[in-house]
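Single chain ahead, by itself, as structure tokens, in the form predicted on its own.
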Amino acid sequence: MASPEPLARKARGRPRKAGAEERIFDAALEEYGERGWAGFTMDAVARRAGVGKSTVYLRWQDKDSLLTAAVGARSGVIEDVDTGSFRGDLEGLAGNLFRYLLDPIGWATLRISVDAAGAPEPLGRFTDAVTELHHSGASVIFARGAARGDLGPDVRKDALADCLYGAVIMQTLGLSGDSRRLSDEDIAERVRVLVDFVLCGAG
């Protein structure tokens, strides 16, 4: 999903530091992960990123637009999978999701989903960006699997995706402290078991 264009305004003052936008995106998601929507402020993001407040305010008009852009910029790693097989793609997707959710930035997007589900009113466009992130990652893999003939027409793709994503999310929720530092080998083994189970259920 493409992130929205930042608010166009005439630049002034000193030029932005190299990499400032990347630091701002990381800072925005880390700040959200710690404080949630109610405690999230653009001033705090600027402090965490080590930039002036004007650097943030001149590019994004409010915290919704900033978070929407940050989610879009930091989520591509999840769906960047094409192994040549449906099983391999599922393992790649699940592995990427594990790594993403074990990182503070990915953890923030999970908190966004929880906050949005419990809010009496919509929080902002950034919650839609998180939803689209997960839907797009799975839909590309399912479409490719169907085109290869690896995925039968009767397979409930939505249920398959829910099982895979749900299992990864529940496992990451059960990790804390040093146990969140999983090696690539640990992730690969967890993913293998999950994908075995999901594909068995899908027939």
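Just so it is clear, the structure is predicted and the values come from calculations on it, not from any experiment. Start at 1 with the first residue shown and count on from there. Between two forms, the rigid core is the largest collection of C-alphas that superpose within 1.5 Å.
Just so you know, the form predicted in complex with a further copy of the same chain exists too; it's not on screen, but the next bit is about it.
- The stretch that touches a further copy of the same chain in the predicted complex, counting heavy atoms within 4.5 Å, is 157 to 165, out of 22 to 30, 66 to 74, 157 to 165, 52 to 60.
- Shown alone here, T131 lies within 4.5 Å of a further copy of the same chain in the predicted complex, counting heavy atoms only.
- In the predicted complex, a further copy of the same chain lies within 4.5 Å of some heavy atom of L110.
- When contacts are judged by a 4.5 Å heavy atom cut-off, V191 does not count as touching a further copy of the same chain in the predicted complex.
- Using a 4.5 angstroms limit between non-hydrogen atoms, S139 is distant from a further copy of the same chain in the predicted complex.
- Along 89 to 105, no residue reaches a heavy atom to within 4.5 Å of a further copy of the same chain in the predicted complex.
- Core-superposed comparison between the shown form and the other one: the CA of G166 stays below a 2 Å shift.
- When the rigid core is held fixed, the Cα atom of R156 travels less than 2 angstroms between the shown form and the other one.
- Comparing the forms between the shown form and the other one on their rigid core, the Cα displacement of F142 stays under 2 Å.
- If you compare C-alpha positions, S176 and A38 are 3 angstroms or more closer together in the predicted complex than in the form on display.
- Relative to this form, in the predicted complex the C-alpha atoms of G36 and P104 approach one another by 3 angstroms or more.
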